[in-house]
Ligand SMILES: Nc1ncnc2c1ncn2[C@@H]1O[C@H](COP(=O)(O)OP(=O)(O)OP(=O)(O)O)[C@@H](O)[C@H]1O
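Below, in structure tokens: the form predicted on its own, a single chain.
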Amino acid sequence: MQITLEKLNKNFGSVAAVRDVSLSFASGDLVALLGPSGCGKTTILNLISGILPVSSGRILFDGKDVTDLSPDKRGVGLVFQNYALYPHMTVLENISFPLMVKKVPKKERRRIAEEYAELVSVKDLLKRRPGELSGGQQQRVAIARALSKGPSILLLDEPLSNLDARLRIEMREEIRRVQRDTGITSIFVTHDQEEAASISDKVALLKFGETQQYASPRELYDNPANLFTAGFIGTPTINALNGRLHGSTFHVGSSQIRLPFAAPSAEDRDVVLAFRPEAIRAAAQEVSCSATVDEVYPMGKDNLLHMEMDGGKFRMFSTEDEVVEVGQTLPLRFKDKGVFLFDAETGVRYA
């Protein structure tokens, strides 16, 4: 099922929660709505499901306008943050409940419920109640229940936020497996960029109810459209230095940095030089700048270095073979990839 949002807006009184959002989710894709708290992620999910009415704009499923359809007529399966399982019902009864509402015969209900219980690996728990399950098991049951009614779309609202770190990794992989096995178009809400990047086909990054960029996780990282995207995506966070550009030389404080590109449109403007920690390395030739090692943090096979120059600080990596000490000044060179230039006021990308 392809989902299309056309100039979607949602206002709560004078507050605009969603602003002119236009997105298209391809059939069979797993898409993440990503962004900080209050950016409109859950609101968009609720607009797609029909839980909330739109203020303006349209929602289309496979080209059919469903903007004014009630939730029960949209063919949507929902998985909530708190699972919303019925505590007095068994796992079997929870999974088959949507089918009971649709008056599916009991024997058929059980067959379908067992099928989806097996899909999410809870078939041996059918007689238990939610209070007897772990958080991960409850999440699996919630997914099976959402799938049992045969929806065309699966919507998940912060589905992993109540789980510990190890279980979050396990469950996000499980969600991806189930989504691939069923081929159902799925949208999930998260504020965790690692979570979004690890399993999504595409990510819609939001800020203040507006789409900042909609692309694959790799495209967001390698080719950010603006400073917000560059800063939100990536761990460790991208480095950002404020200064001015003259030719291909960036001036920050009394320091000068030779860039691997020119950006005539940014000449003599207040700009932000942003670069990934892996985009700058110690080098003996074609030196871009120099900086002093402030701290060294071992991170397995690499070290994370905190560097300082007049006008700013940044982070970079060194390999285990490189001998680096605090207080040492290193000549550095930028790689061709992972270095960007943005307008300091608007965040628009120049290069």
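Numbering starts at 1 and runs along the sequence shown. Everything numeric here is computed off the predicted structure, so don't read it as measured data.
Another form exists, predicted together with the ligand; not displayed. Remarks below refer to it.
Asker: Among 56 to 64, 278 to 286, 41 to 49, 318 to 326, which stretch sits within 4.5 Å of the ligand in the predicted complex, heavy atoms only?
Answerer: Checking each option against the 4.5 Å cut-off leaves 41 to 49.
Asker: Have a look at Arg176, Arg110, Lys123, His191 for me and say which one sits with a heavy atom within 4.5 Å of the ligand in the predicted complex.
Answerer: That would be His191.
Asker: Using heavy atoms only and a 4.5 Å cut-off, determine which of Asp201, Glu158, Glu210, Glu114 is in contact with the ligand in the predicted complex.
Answerer: Flagged contact: Glu158.
Asker: Report yes if all three of Phe12, Ala17 and Pro36 come within 4.5 Å of the ligand in the predicted complex by some heavy atom, otherwise no.
Answerer: Heavy-atom distance to the ligand in the predicted complex: all three under 4.5 Å.
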